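As a starting point, one isolated chain is supplied in C-alpha cells, in the form predicted alone.
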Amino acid sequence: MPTPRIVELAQIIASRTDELKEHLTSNDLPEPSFSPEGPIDAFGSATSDVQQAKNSVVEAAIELRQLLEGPVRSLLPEVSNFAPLAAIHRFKIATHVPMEGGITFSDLASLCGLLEHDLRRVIRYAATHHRVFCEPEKGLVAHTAASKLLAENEMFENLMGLTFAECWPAHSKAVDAMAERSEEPDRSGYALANSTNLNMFEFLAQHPDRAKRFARAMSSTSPASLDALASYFDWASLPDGSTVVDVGGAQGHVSFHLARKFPHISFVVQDLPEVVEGAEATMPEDLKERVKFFGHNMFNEQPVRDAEVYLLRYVLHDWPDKYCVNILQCLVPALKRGAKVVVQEHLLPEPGTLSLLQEMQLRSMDAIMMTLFNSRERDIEDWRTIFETANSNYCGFLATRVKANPSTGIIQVEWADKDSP
C-alpha cells in the first residue's frame, strides 16, 4: 500500500528540519524566533544545500496545510484581509512601540491618533495572522522580530509602503481593468484605483513623495539578482573605456554595482529627469569619474550613440508588448555594429518545471505586473517575438542568447546593421 501523501510530507518536514537544526548547531547560530532578538534570516548566509533544505520544508508545509484544510480554504483563504497591515504602515504604529518593554493600547492609540478599539483589533489581527506585535500581558503591546524590523529599518518601511499604499489598492481593481480588454498601461488596476488616466510612472511623477518611496523600494535589489547580471554577461570582455548605457537605471544602484566589479567600464545612467535629479550629488566618491547621469525618456530616440552595451534591467516587464517594441526601436539610431542590448528579466517557466516556491514567486510577479502596469512577465518565446517585431523595420537584431536561473534571466542581443536609420 503506498504511503499517504500527507505522511510523505510530514516525513520531509521532519528529516529536512533536522538538517537545518544541524546547520545552526554546528555553526553556533541563533534559531529562528518571533522574539525581537530573533535573527532576520537565520539561514541567509547558508550554503545552497541548506537553502534547499529550508525551501523543501516550506514547500512541504504549504502543501501539507493545503491538503489538510481542503479545497474550500484554497478558494476562501483565511488570510485575505490586509487592512490591518496597511493600517500598521499608514499610522506608523511600529515606531510608537518602545524597543524594550511595552505600551498600553490606550497610550498607543493616542500616539497614533486612532480609536483604541480600532487599534486593538488591528494589533490582535496582525499578531495572530502575521506575528507582527505581541501582547505579553493583557492590554500591553510589545514588539516581535517583524514589528521591530519595521520600526528600525527604513527599507522595510519603503517596501511596506509599496505593498500597501501602491499595490494593495490596485489589486482590488485589477479585475475591472481586465474586463476592459485593454493593452494600454493607463488602464491598469493601478490607474483605476487612483482614478487617473495616467500610467503609473506618469502618476508618480505628479506625486513626488510616493515616487521617492517607490524608487527607494526598487533599490532593495537582491544580491543574487545583481550577481547574476554581473556573471551571466561577459562584462570583462568589453574593451577598456567601454560605455554602458543603463536605460531606466533610476538612481544608479545597478551601475554602481557593475562599476565596482569592472573598473575598465564607464556607465551612463538614464531615467526621467525628475528621477535622476540630485543623484550625482549623492553618488559614491570613487565612482564619480565613471558613472554619469542623464535625464532621458526612453520612448524618445536614444541620444548616447555608439556605446558597447545598452542595458535594460527589469524595465521592459513594466510595459505591454507594443511599448517594449517601441523602446527597443528607439535604441536603433544609436547602435553601432556589434553593440549589445542586454535585458535582465524574470523568465516565466513551463508550469511545474520549477519548485513550488520558485514558481509561486514568478507567478506573483506576473500578477503584480498586470495590476500595476497592465503588462506582464514573459517566457523566452515571448521575448523572441518582441525582438522579432522590433526587427520588422530594421533586420539588425541577431538571434537572442539567454542565460537563466530560476529567479532571473539575461537576454543578450547583438546589433548587426551599422547603417541603421
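Start at 1 and count along the sequence shown; that's the residue number. Fair warning: this is a prediction, and the values are worked out from it, not measured in the lab.
This next part talks about the form predicted in complex with a small molecule, which is not shown.
- For the marked spot (V254, V275 and M298), a heavy atom within 4.5 Å of the small molecule in the predicted bound form is present in each of the three residues.
- Though the partner is left out of this view, Y232 does not reach within 4.5 Å of the small molecule in the predicted bound form, counting heavy atoms only.
- Taking the partner from the other structure, the small molecule in the predicted bound form has no heavy atom within 4.5 Å of any heavy atom of A259.
- Contact check for D271: a non-hydrogen atom falls within 4.5 Å of the small molecule in the predicted bound form.
- In the predicted bound form, L331 stays away from the small molecule, with no heavy atom inside 4.5 Å.
- Distance criterion of 4.5 Å from any heavy atom to the small molecule in the predicted bound form singles out V315 from the list A339, A146, L119, V315.
- Exactly one listed residue, out of F201, F91, Y125, F156, brings a non-hydrogen atom to within 4.5 Å of the small molecule in the predicted bound form: F201.
- Stretch-level contact analysis of 284-292, 185-193, 259-267, 315-323 against the small molecule in the predicted bound form, using heavy atoms and a 4.5 Å limit, identifies 315-323.
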